[in-house]
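Below sits a lone chain in structure tokens, taken as the form predicted on its own.
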């Protein structure tokens, strides 16, 4: 049985907890301790208000399911404590110096940083961009204006540029772009659209090179308990955790 330390007791954490099979959440930490206490009572985990004490719990892996700020604040400490980490808030790795420091710490401590597929598909084969020529690499994201806190009466493009710049201008829309960029080994070109007729978050990936060409479109259903979260993103972490001890490794 794999033991999990959960960082963040929100919607994604609850999806993970309800899907426990070959793993068990034994410790939880949240900056709002009352949330950790409630989560602990419901799922039989020990709540912590002190992060150092949380890390001393004998868990096999720490799962960050909180926020970019939480990943930035705690990821290094997790690796230095000799634990692997799953980072859901991949936007934290848009800071290249932080990402490189994290990788160096993981390598020195023989630890792993796991990045789930999140709200998209095809992340495994995007990695061929690390070893082959890429001619076109575009992410087109379309959202309802309300999810961007904007108003619009027709479909409108509000950003075109590199993932790095999108991260800074639209920090709540960074995880997919950053995951793609890390997987490919080069920044993805981003188009961010708002469409009042679109009721889901849609991601389209255009990927062309010496290997051929691919087009992937994903229209995400919102998570039932939190419309701001993609249900696919939550399920991707759950799938990753369920396969940690599987001797048959697919697409990784």
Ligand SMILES: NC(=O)c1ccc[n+]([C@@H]2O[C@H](COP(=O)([O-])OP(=O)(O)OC[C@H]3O[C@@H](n4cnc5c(N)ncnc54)[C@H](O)[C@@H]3O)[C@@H](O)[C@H]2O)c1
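Positions refer to the first chain, counted from 1. It should be emphasised that the depicted structure is a prediction, and the values quoted were computed from it without experimental measurement.
Not pictured, yet referred to below: the form predicted together with the named molecule.
Taking 65, 28, 62, 190 one by one, only a single residue has any non-hydrogen atom within 4.5 Å of the named molecule in the predicted bound form, and it is 65. This chain appears without its partner; in the predicted bound form, the one residue of 55, 70, 45, 184 with a heavy atom within 4.5 Å of the named molecule is 70. Contact with the named molecule in the predicted bound form, defined as a heavy atom within 4.5 Å, is made by none of 93, 140 and 211. Residues with any non-hydrogen atom within 4.5 angstroms of the named molecule in the predicted bound form fall in just one of 172-180, 99-107, 76-84, 159-167: 172-180. Although the partner is absent here, residue 32 lies within 4.5 Å of the named molecule in the predicted bound form, judged by heavy atoms. Of the heavy atoms in residue 226, some are within 4.5 Å of the named molecule in the predicted bound form. Taking non-hydrogen atoms only, residue 233 approaches the named molecule to within 4.5 angstroms in the predicted bound form. Though the partner is left out of this view, residue 5 does not reach within 4.5 Å of the named molecule in the predicted bound form, counting heavy atoms only.
Although the named molecule is not shown here, in the predicted bound form the stretch 80-110 places heavy atoms of 88, 89, 90 within 4.5 Å of it, in sequence order.
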